[in-house]
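Single chain ahead, written as structure tokens, the form predicted alone.
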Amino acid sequence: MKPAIEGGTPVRKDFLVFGKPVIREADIAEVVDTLRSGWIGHGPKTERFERMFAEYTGAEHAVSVNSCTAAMYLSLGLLNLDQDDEVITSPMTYPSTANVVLHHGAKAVFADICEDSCNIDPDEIFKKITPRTRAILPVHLHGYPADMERILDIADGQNIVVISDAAHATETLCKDRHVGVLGDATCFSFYATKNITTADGGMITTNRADWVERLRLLRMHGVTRNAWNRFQEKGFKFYDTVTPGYKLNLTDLQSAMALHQMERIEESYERRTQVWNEYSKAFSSMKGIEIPSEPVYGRHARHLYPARLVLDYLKIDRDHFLEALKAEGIGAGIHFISLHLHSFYADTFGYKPQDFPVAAKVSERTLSLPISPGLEDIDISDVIKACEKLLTYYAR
């Protein structure tokens, strides 16, 4: 059957959007209630969201911010990094993970990944440790847990802080522990495509009592009392600026979106797991495509379904396959192209593709297929049909 990109008939008439959020009437009503309340900035609903998230992860503290990037930036800022300091992280991630290190004036040191998980390889981390290493910044890519047990063992006793990028990992477990309680801090994203969304936003979870108040100060200009605190207090009390902070807080208008999503988080997870299993069942019998690995030491958040093409079997590359899927009416994505292949990092630090060979190999073969609790059975069927159509037509 001829693909639509070659002039054939597409699988779908209406385009299946990749990463479309699931917003229900309860979420909308909560936002409307916030608008009518007259309090739309940081206030009671944001603090309720923080409590719910801390309870869900098991963390002692949850500090909301306006993005996962802000969460990582603030957390790293507690280390007072300078140009002589190094932070080891994965090249297989969104640029924000490494960018926040550079914004603090420190050096982002990449360590190659494990091919099965796409997460940073602890053996490669160990090779990159120097007297200048201040932190390790692992990424729980796609929702697959990084090997935190080994990473924490490496950091232990060396005065190395561990701050995780858990942008994809709201429901991720390492063994039976949530990633939000592992290491010094864990940073989450509530961007529009994430498993919990506030349109944009983030959260820092930590069990470090010596960090939490500093984080709260830094997210709101470094002042001792925000507007909601002052509103609740009896009698006028002026705020005091105790440190030069930032404007990185989350608002009640955003938090209102998340409250009912948090209540149905496991229900949504189960539906994404059903979608995941349908894909894996179908693709396991097809040539030219490999299904993603399952973690052997925890729970995958099912944020993304990263299938890999067997390029030796196909006449086209991954990018052409992606465009062909789009022509069939199926939205898909790439998560990610390894940072050492991006022009800024290659030009600035002189990286070559072979410097991180596993990350380079995965980068050219992986694409993310739609996975959402909002997918109908017909949507899942159409994704499978479109992939099978292309794999058959473009087989060598």
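Note that residue numbering follows the sequence shown and begins at 1. On a predicted model such as this, the values are computed, not experimentally measured, just so you know.
This next part talks about the form predicted together with a small molecule, which is not shown.
Asks: Hey, in the model of the complex, does H168 get a heavy atom within 4.5 angstroms of the small molecule?
Replies: H168 belongs to the contact set for the small molecule.
Asks: Would S96 count as touching the small molecule in the model of the complex under a 4.5 Å heavy atom rule?
Replies: Yes, S96 is a contact residue.
Asks: Should S363 be counted as a contact of the small molecule in the model of the complex, where contact means heavy atoms within 4.5 Å?
Replies: Although the small molecule is absent here, S363 would stay clear of it in the model of the complex, with no heavy atoms inside 4.5 Å.
Asks: Verify the contact flag for V139: yes if a non-hydrogen atom of it lies within 4.5 Å of a non-hydrogen atom of the small molecule in the model of the complex, no if not.
Replies: Flag for V139 set to yes.
Asks: Which of T46, S368, T34, T69 has a heavy atom within 4.5 Å of the small molecule in the model of the complex?
Replies: Answer to the contact question: T69.
Asks: So which of Y246, Y191, F126, Y239 gets a non-hydrogen atom within 4.5 Å of the small molecule in the model of the complex?
Replies: Looking at Y246, Y191, F126, Y239 one by one, just Y191 meets the 4.5 Å heavy-atom criterion.
Asks: Exactly one stretch in 349-357, 60-68, 324-332, 35-43 has heavy atoms within 4.5 Å of the small molecule in the model of the complex; which is it?
Replies: So the stretch in question is 60-68.
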